[in-house]
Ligand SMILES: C[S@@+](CC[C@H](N)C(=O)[O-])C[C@H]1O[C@@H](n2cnc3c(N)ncnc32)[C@H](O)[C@@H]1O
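In the block that follows, a single chain appears as structure tokens, in the form predicted alone.
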């Protein structure tokens, strides 16, 4: 059998593809997110972050990447969907070696539930917390995160915005042998209710339509900063994506207090209960010098 024939047989179709595997390939970048947490934790706190809590963990891909990145790291993944956790156990955690697997715990439950452990880092990514549509529910979630952070811990969450985020639109992107389609189907300017779907299209013309559907509220940066403060976080930074000379995102995120009004942007928020030690030290040094 020729090489071209073998490649043709391996191409995904709507019948053979697994939506969770497609999602991991087209949406997630756990290596980058571990790097982000490492970079800011070391700079802000001055030590190595060892314990992670991944909220809305889904298949626990970030948990797996976290424990692979350091032999002393532990990860707790929390998700409300038992079927997705089961998929992750079978397809993601099973690929870890025995020692790595022993350092990952997954919990089927609400991210607002209380657990005894405290962590260096908590991450809520892929805009998952947008499922909380009122100030009270989101503030309550943030208060739970605060309780599960160590005193010098950091909380990372991502968000998106810009005027394109309120439009009905389709965005397509080629990924390996399939096409990822982001479908913004509805936005209500009165409530900020937002509905979107992810579809997958394949080279043979077949489709996985509405493989994932999201019913969210689009939160703004000022709203989130206010709610984090109300939940007990004393310090919140906006990490804004840098752009190249033609206005494309570079994948590098730096602290900003102001930014240009782009049509579509992605950012991270970094929150801590108190001013991180190294940040406090730098500010004190500047104050003495002034």
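Residue numbers count along the first chain shown, from 1. Source: prediction; values computed, not measured.
Below, we turn to the form predicted together with the named molecule, even though it does not appear here.
Heavy atoms within 4.5 Å of the named molecule in the model of the complex are found in one stretch of 93-101, 159-167, 80-88, 200-208, which is 80-88. The contact with the named molecule in the model of the complex, taken as any heavy atom within 4.5 Å, belongs to 110 out of 110, 136, 171, 147. Note on contacts: among 143, 131, 196, 218, the single residue with a heavy atom within 4.5 Å of the named molecule in the model of the complex is 131. By the criterion of a heavy atom within 4.5 Å, residue 126 is counted among the residues contacting the named molecule in the model of the complex. Residue contact with the named molecule in the model of the complex: residue 28 places a heavy atom within 4.5 Å of it. In the model of the complex, no heavy atom of residue 49 sits within 4.5 Å of the named molecule. In the model of the complex, the named molecule sits within 4.5 Å of a heavy atom belonging to residue 214.
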